[in-house]
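Shown next as structure tokens: one chain only, the form predicted on its own.
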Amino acid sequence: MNVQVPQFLRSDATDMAGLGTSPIPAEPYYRPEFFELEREAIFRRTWLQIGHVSELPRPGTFIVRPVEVANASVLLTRGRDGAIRAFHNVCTHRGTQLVSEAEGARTSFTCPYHAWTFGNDGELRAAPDAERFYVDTADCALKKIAVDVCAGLIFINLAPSPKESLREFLGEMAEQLEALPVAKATTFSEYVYDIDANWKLTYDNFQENYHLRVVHPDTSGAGIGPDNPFGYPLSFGFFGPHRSQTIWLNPAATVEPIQGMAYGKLAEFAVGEGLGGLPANPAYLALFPNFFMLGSIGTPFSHTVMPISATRSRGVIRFYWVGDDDSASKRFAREYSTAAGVDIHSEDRAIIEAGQQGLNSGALKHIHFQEQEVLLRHFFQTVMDHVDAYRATLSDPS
């Protein structure tokens, strides 16, 4: 369903999405028992965004990604054939973690325990005294993980046999992603943070603008104005488990000279890189369960919130660019944009953690979403749908 919301007017987006208006239970935001259900129902069987093709630029390159919520370490490689593959970072001899580096380039991986050696295609190439084992080395390849790419973004699915392909999972969102600058990106700036907050509470903060004028009074000038004091979006969209909004930008916003110089240069570079066809109001695309992308012309960025425990998460924010920093002005503009983004985000972290501390007390049985927080309601309901479906499999005798 694609719900268009008239600018600055009350909307019936919640009713149109069929999500109701009732309060939301608070316990799923802090109870360890519910987190365990999410771990199994969502993160061990849903497509997760984990990297970008620019990190594997040529055959032989690799990256390693921890996925704490699934107690997993993922090894991603690009083979001689150019294909990207994903494996559990686990030696098939006795389970030792195979690769300790976060990234690099090599054509083989040797286990630090007993020197079993695997190619970057996952096949076991050599094992000392192999003839004394009671198994064929052909059956000892690294354990594969389903992997696919959309718009340059790498996704994995930890389920042994995913129920749907990445394209089926993304649906209409695949085409929308491919229209964004990330599809052409060749490099990125990255900011990683840990936060003492539930992954849903953390993610929710970046799905609503109701807090802008309170939490970001000095840094949200482009996103709020007299005609739209809360910076509410122009429209919402719902696409299966995913959702979107069109961000409103204040046409009368004033900026500091240095800020105007930086963002003006970014827009200029974007046009030169063939990205000038994007709409003036950026699209915010939220992919279930934990990824969103802001597709602005000058500063396209993504944000992934990875759960660690019921009350702790890790966020990865990436600003994507096309081409190298081949001039001083380009370097300045990109560095300024990244620093500005980090500054704004730093204002969010303390307030998110304060919310978690309050919820942890158990004082609240419910929390409340207003009509302009419809993306939060849709997100919560999607989580519940997955958890309920998983619960049903536990009670199904078949």
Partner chain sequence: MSGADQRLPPGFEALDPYVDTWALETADQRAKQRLVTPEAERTAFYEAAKPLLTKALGFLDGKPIGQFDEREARLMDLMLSLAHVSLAVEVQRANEAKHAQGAKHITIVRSAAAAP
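Positions refer to the first chain, counted from 1. On a predicted model such as this, the values are computed, not experimentally measured, just so you know.
Below: the form predicted together with the partner chain, not depicted.
Residue in contact with the partner chain in the model of the complex (any heavy atom within 4.5 Å), chosen from Ala83, Val192, Val135, Ala252: Val192. For the options Glu256, Asp139, Asp227, Glu131, the one in contact with the partner chain in the model of the complex, meaning a heavy atom within 4.5 Å, is Glu256.
Taken together, Tyr232, Gln370 and Arg377 are entirely out of contact with the partner chain in the model of the complex: none brings a heavy atom within 4.5 Å. For Asp218, a non-hydrogen atom is located within 4.5 Å of the partner chain in the model of the complex, even though that partner is not displayed. For Lys265, a non-hydrogen atom is located within 4.5 Å of the partner chain in the model of the complex, even though that partner is not displayed. Under a 4.5 angstroms non-hydrogen atom cutoff, the partner chain in the model of the complex has Tyr336 among its neighbouring residues.
Shown alone here, Asn71 lies farther than 4.5 Å from the partner chain in the model of the complex, counting heavy atoms only. Checking 161-169, 88-96, 123-131, 184-192 against the partner chain in the model of the complex, the stretch whose residues place heavy atoms within 4.5 Å of it is 184-192. In the model of the complex, Glu347, Arg349 are the residues of 347-365 with at least one heavy atom within 4.5 Å of the partner chain, listed from first to last.
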